[in-house]
Structure formats: C-alpha cells, structure tokens
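Before any questions on how it binds or moves, here is one chain, the form predicted alone, in structure tokens.
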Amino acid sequence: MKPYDVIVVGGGAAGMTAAIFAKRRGASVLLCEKMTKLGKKLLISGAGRCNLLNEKLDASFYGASARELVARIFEQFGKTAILDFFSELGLPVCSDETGRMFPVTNQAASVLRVLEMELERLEISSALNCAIKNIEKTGMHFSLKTEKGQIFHAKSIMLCGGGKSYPALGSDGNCYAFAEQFGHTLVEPVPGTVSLAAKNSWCHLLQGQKIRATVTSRIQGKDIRTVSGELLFTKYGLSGTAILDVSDEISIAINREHLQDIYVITDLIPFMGEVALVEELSRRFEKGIARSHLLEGLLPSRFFLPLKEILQKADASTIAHLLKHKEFKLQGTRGWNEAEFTAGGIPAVEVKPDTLESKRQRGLFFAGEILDVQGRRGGYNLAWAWASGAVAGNSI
C-alpha cells in the first residue's frame, strides 16, 4: 500500500483542522480517530455552544512557558485567520459581552458539521474506531499499527490526540507515549479548569447555592490570581466560573507539585467595600433588625445556616471581615472526568516554533492540547487548536 503523505492521529478540533490544511496543500491524508465519530469532545465545548475563540486573542492568555511559541503560531494564523477560515466554511460567528465568540446558531454541532463537510469535500480519508497501538519509524516512513492489527504507512505523522480531560470522549493521553518513544519529555498532565475539593461545613450547608463573588487563589501564603464570577457551593467543595478561572495554578500546586497550605479566599459581597458593609450592618443593628435577618438583601437567606453562630455573637466589623475574606482550605481537585482542559503535555520548547515539527524526530508534528500550552477558559484552548492545526497542516 502506498504510504500517505501524512497520517493525523486524533479527530478532534486540532486534528480535523490539520487534516484540512494538509489536504489543501495537496498532501494525501488519513485521519485516524479512536472513537466512532469525529469531534465528540467538540460537541460539549462551551456547554454545547462551542466557544470558538476570544476577541482578545494573544499569547498572554496562555502558560508562561508556552507564550513565545503561541505568539509565533498566532502570527501565522491568528484571530482574523480563524474567523476567515470559518467564514469560508459557511459558519457565521458572533461574540457576547465578555468577548467570547460562538457560532450564530449557538450550537457546537454546527461547528462540527461544517468541518465534516469540508473533510468530505476534500475527500479526506477518515478511519473511525481506529485506535493506534504502536508507531515506528522504518527508513523514510512511519508505520502505524492499530489495535485491530491494521498497518498504515506515512511520510509524516501529526499527533493531535489531545490531553487527558474527558477520557470517555477520547482524550485519555495515549499520544503522550508515542511522543516519548521519539525522545520527547512530558510535563506531568494534571486536570485544568476544574472544580476544587474543600472539606468545609459551608459547602455542605450551602450545596447547590450560587452567588456572584470575587475569588482569590492563595498558594503557600502568596496570592496568585483574583477573578470575579459565579461561585457554586457543592457537596465536595467549590465550583462555578470564578473557581474554574483560578483552578489551574491550584491544580498544578496540588497534583503536580504536591504542595499544601492552599486556599481560595472569597469576597461574598463584592458589590460593596468593607467599610461600607460595616456601616450597613451597623445601621441594621441600630434599627433593631433581628440577627437572623441581618443579611437579607445582601446574601441569599440560606447563608444564615453557616453564619448562624457568628451572627448571634459578633459585631458588625467582625461579620463584615468574614464576608469579605472567607477562606476555604483546599484538599484537592476533581478528576479528569470533570476537568475541562489539561495542564501539562509535551513542552513547547521541544517543537519548532514556525512549523510545530518535533525537534527530536523529523516528520513528527504536534497540534492542539497535546502540547503544554494551557490556555485560559474563554475560547483560548479552541483558538489554539484551530491555529496549531492550521500551521501544522500548512507545514507538510
């Protein structure tokens, strides 16, 4: 059998994009996907809406060790190129008030379908339910053996198998081993953009309660990041957009570096300064408002349960300070089945910054989340998938 010019391993966002751009350059392409359908993880992105990218797209929204690489890739295929790509595929895009960009249908299925239509138009061969068992370099070609015993040959390989988040949808980290056998190292993957575990009575008493809050991550006494957003109390700890946005550094500290003394500090009344809150509580005391109703209009009534003891005894200043600086000591994070992204992977310094070809093995390319790029929540990881897939595909 004549070898393909390139075999793309992984049929997610990066893999489909890489296959499209390689075929547009005239290469013969085989797209291998271990699941029974392409783009399964793409369908759940953005809560099913598919947050394609962000209006504020630059390297500052990615991990520090990868920013130089990300900047080089976005110079070749940045926001304008991504939007032009989807416009060409017939997918209009709109943005919300935060700068997140979505298909106008608000359906991830629309994104997947236009990509599938382009794969079909280009007559790109796809092998579904095709799990790669082994990859070897023999002479000038790569040989890939599947778990079913099939053998494919290619001049080049693109590893686009993603990280380890949502393993049931195909991302289980299996491509890391292929990279390592060709001399690559691995930054230990840990769950990214993930809910946090905290053994705290507040979480039990308030489980299911959502509020707007400001949250600060604190690792061994140092404040790392502060964000505002939704805070959700759960039976296991804390979740919501604010928690997800501060979780990456926390997850690395807990799961990779095995550090302790890690907290999130929550401002439960972010719409009012501490001095103003003291004055408001003092005014309520003076009016003779019952302590059981002291926080009405400031917090949902359920907060009386965890605050019952302090509300009965403390003065306005003590109560205000607690509400503005409530600490939650963290014991861990939730696992891969709940993590939105992966922090870790093949180091950015091990690929060529203009082509994403391996510095260790000629003809081996990478795209997407398999690289240790670690974009923030808000469309940045998918933006990296489109950009890196396009650049890798154009490099064939």
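Since the structure is predicted, the reported quantities are computational estimates derived from the model, not experimental observations. All residue numbers are counted from 1 along the displayed sequence.
The protein also exists as the form predicted together with a small molecule; that form is not presented, and the subsequent description refers to it.
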Legend entry - Location of the small molecule contact in the model of the complex, chosen stretch of 76-84, 214-222, 170-178, 294-302 [non-hydrogen atom, 4.5 Å]: 170-178
Inset, instruction - Could you work out which of Ala316, Ala197, Cys130, Leu91 is the residue within 4.5 angstroms of the small molecule in the model of the complex, going by heavy atoms? - result: Cys130
Inset, instruction - Report the residue, out of Thr266, Ser251, Ser156, Ser165, that has at least one non-hydrogen atom within 4.5 angstroms of the small molecule in the model of the complex. - result: Ser165
Inset, instruction - Could you confirm whether Val349 comes within 4.5 Å of the small molecule in the model of the complex, counting heavy atoms only? - result: no
Inset, instruction - Give a yes/no on whether Met35 approaches the small molecule to within 4.5 Å in the model of the complex, heavy atoms considered. - result: yes
Inset, instruction - Determine whether any heavy atom of Glu340 comes within 4.5 Å of a heavy atom of the small molecule in the model of the complex, and answer yes or no. - result: yes
Inset, instruction - Evaluate Asn51 for contact with the small molecule in the model of the complex, applying a 4.5 angstroms cut-off between non-hydrogen atoms, and reply yes or no. - result: yes
